[in-house]
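To begin, one chain is listed below as structure tokens, in the form predicted alone.
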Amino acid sequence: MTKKQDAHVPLDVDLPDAELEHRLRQTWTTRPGFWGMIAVVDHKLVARRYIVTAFLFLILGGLLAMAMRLQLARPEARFISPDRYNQIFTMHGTTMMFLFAVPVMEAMAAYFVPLMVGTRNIAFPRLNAFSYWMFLFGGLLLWVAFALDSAPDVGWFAYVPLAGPQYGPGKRADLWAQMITFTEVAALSVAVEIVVTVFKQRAPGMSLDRIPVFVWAMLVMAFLVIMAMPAIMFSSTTLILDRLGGHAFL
């Protein structure tokens, strides 16, 4: 944009209050109807969806923990079959870690950090909305497989050789690795948004030494996710290549 064109772009202070309010409402108000619900990019609404969905998965994971404890309450119990127990054990660990712990912390950051640093929305709001749908789809994929008796049965961490093609035939471990890919993309997306929001969208005069302690904590958490998730992504990718492509990475 040239200087001449730039001179014709009105700033907030150049607009009458009524016109400024109209433009802000047109830009930031969520559109009504089903499409508006699907396409919402308000960080507060997306974060609320994250939190509600994560706590629903927490309840499901808690029910699985109760089922395992009922099975182990007395010797030689027949409450759960051995195959189903292996599925429940994997589902509980995966749900608590990848569908609750990480998403709920990032959701808290996505809700509060933009408010605390004085910006209207989180950085890359469409990416933020996209990350939620990736998270939801990955979680539904896992739980639909569990409902169809095809859930992964490879332990909490899907370590090889238990999760490899030799000791984990069928598609159960493949579903686990695919679900992890969806949650990895969602977690990395939100972590990047938090980092960019803190460093690039702070209110004027809010230097890094003036941001709240909570924002610092969420910033550190985002960096930890950025450093940790690529390793998990690489591992799940090599697991898929081993299982479906006949490679021997793991």
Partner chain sequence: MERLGSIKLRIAAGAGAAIALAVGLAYMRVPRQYRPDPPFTAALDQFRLMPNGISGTPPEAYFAAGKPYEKTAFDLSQGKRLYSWFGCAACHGAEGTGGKGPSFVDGWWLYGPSMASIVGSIRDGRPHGMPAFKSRMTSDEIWQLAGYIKALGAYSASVNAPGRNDDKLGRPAENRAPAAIVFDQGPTPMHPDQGPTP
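Residue numbers count along the first chain shown, from 1. All values derive from a computational prediction rather than experimental measurement.
One more form of this protein should be noted, the form predicted together with the partner chain, which is absent from this view; the next part is about it.
Undergrad: Could you tell me which of 159-167, 120-128, 94-102, 107-115 sits within 4.5 Å of the partner chain in the predicted complex, going by non-hydrogen atoms?
TA: Going through the listed ranges, the match is 159-167.
Undergrad: Just give me the single entry in V220, M37, L56, L208 that has a non-hydrogen atom within 4.5 angstroms of the partner chain in the predicted complex.
TA: Filtering the options by heavy-atom distance leaves M37.
Undergrad: Applying a 4.5 Å heavy atom distance criterion, does L141 contact the partner chain in the predicted complex?
TA: Output for L141 is yes: heavy atoms within 4.5 Å of the partner chain.
Undergrad: Any chance M134 has a heavy atom within 4.5 Å of the partner chain in the predicted complex?
TA: Heavy-atom contact with the partner chain at 4.5 Å: absent for M134.
Undergrad: Is P32 one of the residues lying within 4.5 Å of the partner chain in the predicted complex, judged by heavy atom distances?
TA: P32: contacts the partner chain in the predicted complex.
Undergrad: How about I88 - does it come within 4.5 Å of the partner chain in the predicted complex, if we only consider non-hydrogen atoms?
TA: Taking the distances in the predicted complex, the answer for I88 is no, it never comes within 4.5 Å of the partner chain.
Undergrad: May I ask you to list the residues of 227-249 that have any heavy atom within 4.5 angstroms of the partner chain in the predicted complex, in sequence order?
TA: The stretch 227-249, when checked against the partner chain in the predicted complex, contributes D242, R243, L244, G245, G246, H247, A248, F249 at the 4.5 Å heavy-atom cut-off.
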